[in-house]
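Coming up is one lone chain in structure tokens, specifically the form predicted on its own.
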Amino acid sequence: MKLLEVKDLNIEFYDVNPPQKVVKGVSFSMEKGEVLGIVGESGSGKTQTALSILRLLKSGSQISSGQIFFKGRDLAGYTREELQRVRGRKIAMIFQEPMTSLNPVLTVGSQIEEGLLLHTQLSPEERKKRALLAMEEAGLGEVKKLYGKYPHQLSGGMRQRVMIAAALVTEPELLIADEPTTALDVTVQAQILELLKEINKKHGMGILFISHDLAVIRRLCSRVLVMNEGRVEEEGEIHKVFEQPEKEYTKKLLAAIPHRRESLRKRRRG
């Protein structure tokens, strides 16, 4: 059984006239424990595809047709209560800018524990213990001190690790990561990618990683979907897409990677 299967997904923005189709017939699947990347420029439909899995599309947009199966069951058939149980418990999501996702007036610890409060019967002491363990696993130091701090007291990289800890604490089977490293400097970005690799290996957690950057996708994912203007342009194993891209759009994205351009120049000089 596939962990996730998306079939002929179509998404429309209907708050514009005429309505705009932003995702057009997208299909893909993920195995348990797989790390799949979706890459494309702004407006390619990659984020809308990711948001649709948990029915988190903004007001004014909707899935016009298609199916999304999680472990063999169509998510469209879930009741609101069932979907709430899946969100955060079975499928977790982290976003590009944690300051817009974290509540500025709640402590880091209380926000990491929120999933446990919603989905488990653990005591306050047990929740705190699990939260501290998740913070350590997310690479945060001095976790007991950080537990009582507020988001604005942390650096961007630390806030992103808090978001990862909040996702990990309920031990989900699928993590959807929407551009989680874009706002970080190169060093911190590399650390977060390594952390996600470790989490995937340790827990066998499937990761759907959304990015506009093929170089980032290459470091983390085993397979990639290349999206352009709402459609899947190309799909395949990372090494194949990088070494033998079939579509012009994919070639254009690859040519935009700085180290790749430099490597090509060196080869030509040689």
Partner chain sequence: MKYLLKKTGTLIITLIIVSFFSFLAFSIIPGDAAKSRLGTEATKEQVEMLQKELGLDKPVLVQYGNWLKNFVTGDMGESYSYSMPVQELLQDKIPVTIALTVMAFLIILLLSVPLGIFTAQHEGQWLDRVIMVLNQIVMSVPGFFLGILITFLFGLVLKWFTPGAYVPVSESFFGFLGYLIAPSAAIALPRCAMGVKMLRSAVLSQLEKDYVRTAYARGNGQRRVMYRHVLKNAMLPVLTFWGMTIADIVANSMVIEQVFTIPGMGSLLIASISNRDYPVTLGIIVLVASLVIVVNFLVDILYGRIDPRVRVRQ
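Being a predicted model, the structure only gives us computed values, none of them experimental. Numbering follows the first chain given and starts at 1.
Keep in mind the form predicted together with its partner chain is missing from the figure; the text below concerns it.
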Quiz item: Is there any non-hydrogen atom of residue 120 lying within 4.5 Å of its partner chain in the predicted complex?
Solution: no
Quiz item: Given that the partner is absent here, does residue 153 sit within 4.5 Å of its partner chain in the predicted complex, heavy atoms only?
Solution: yes
Quiz item: residue 163: heavy atom within 4.5 Å of its partner chain in the predicted complex?
Solution: yes
Self-check item: its partner chain contact at residue 239 in the predicted complex, heavy atom, 4.5 Å
Solution: no
Quiz prompt | Among the candidates 104, 124, 77, 72, the residue which, in the predicted complex, approaches its partner chain to within 4.5 Å (heavy atoms) | solution = 104
Quiz item: So which of 158, 132, 91, 196 gets a non-hydrogen atom within 4.5 Å of its partner chain in the predicted complex?
Solution: 91
Quiz item: Only one of 135 to 143, 111 to 119, 179 to 187, 196 to 204 gets a heavy atom within 4.5 Å of its partner chain in the predicted complex; which is it?
Solution: 111 to 119
Practice problem: Counting only non-hydrogen atoms and a 4.5 Å cut-off, give the residues of 31 to 48 close to its partner chain in the predicted complex. | Solution: none
